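One chain is shown next in structure tokens, namely the form predicted on its own.
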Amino acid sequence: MIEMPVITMDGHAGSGKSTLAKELAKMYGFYQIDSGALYRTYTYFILKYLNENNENEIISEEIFQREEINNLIKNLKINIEFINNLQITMVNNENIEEYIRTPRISENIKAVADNINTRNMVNDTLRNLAGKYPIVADGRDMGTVVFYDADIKFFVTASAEERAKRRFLEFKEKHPHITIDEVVDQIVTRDKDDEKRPVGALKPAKDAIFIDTTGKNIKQVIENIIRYLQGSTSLRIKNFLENISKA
């Protein structure tokens, strides 16, 4: 049996890493895994608990000092399924994707993603998936922490100005009077914050391949990534690509 290959794509917010991971999943039959969905799931159930107990609906670092919150996290049974090789998050046999993709979740996710307990549980879940499927994982620390032994690691970046252009309409929906320069400032601030996080900080792996998407369309970037895959010395990557070509 062919061992399952692992590709990681870390990078800055708005660099295009999730889009690239999704495209590779579609083209080659990799399974795209989304660590953010797991942190969003923990965030959703913590907020749900607080709401049901008429408590403040803001998650802070201090909240993880509470025994009932840690028990809630520990006992939450999250199951990952895939539809067309894309990840679907399930809890108690219910697809909860629509509940975890809201602004309220986004506003509270940082403390959850920075908590060492939730981080360890998410990392364990992702590693278990890698034992079953050929995966492409995008995030901040996929190639440095979660899959430090991945077959091939990419670090995706783009200029702050380029990423601001991509995110401008999204930002403008929330803040109609925002300017492109303000979006650039927010992105630069986000970069610094991601690079200084206490756990899961954004940084390239020592053996990462840098992919700059500035001024390039998805087709151009994917063609570049494919060249790296085809030139990979990893036996798992080689065997996987050969298996695809024979199918």
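Residue positions are given as counts along the sequence shown, with the first one as 1. Heads up, when I say rigid core I mean the largest set of C-alphas that superpose within 1.5 Å between the two forms. Being a predicted model, the structure only gives us computed values, none of them experimental.
From this point on, the text means the form predicted together with a small molecule, which you will not see here.
Indicate whether R140 is a 4.5 Å heavy atom neighbour of the small molecule in the predicted bound form.
Within the cut-off, so yes.
Please tell me whether any heavy atom belonging to R166 falls inside 4.5 Å of a heavy atom of the small molecule, as the geometry stands in the predicted bound form.
R166: no contact with the small molecule in the predicted bound form.
Looking at the partner-bound form in the predicted bound form, is D194 within 4.5 Å of the small molecule by any heavy atom?
Although the small molecule is absent here, D194 would touch it in the predicted bound form, with heavy atoms inside 4.5 Å.
Contact between S35 and the small molecule in the predicted bound form at 4.5 Å, heavy atoms?
Because a heavy atom of S35 falls inside 4.5 Å of the small molecule in the predicted bound form, the answer is yes.
Just to be sure I understand the contacts: of I73, V91, I109, A160, which is the one whose heavy atoms reach within 4.5 angstroms of the small molecule in the predicted bound form?
Spelling it out, the residue with a heavy atom inside the cut-off is I109.
Here the chain is shown alone; which of I135, A150, A113, V156 has a heavy atom within 4.5 Å of the small molecule in the predicted bound form?
Answer to the contact question: A113.
When the small molecule is placed as it is in the predicted bound form, which of 127-135, 141-149, 172-180, 81-89 ends up with heavy atoms within 4.5 Å of it?
Only one stretch qualifies here: 141-149.
Core fit, then E61 C-alpha moves 2 Å or more between this form and the one not shown:
No, shifts by less than 2 Å.
With both forms fitted on the core, give yes or no for whether the Cα of L38 moves by 2 angstroms or more between this form and the one not shown.
No, L38 moves less than 2 Å.
Rigid core aligned, does the Cα position of K153 differ by 2 Å or more between this form and the one not shown?
No; K153 is a residue whose C-alpha shifts by less than 2 Å between this form and the one not shown when the cores are overlaid.
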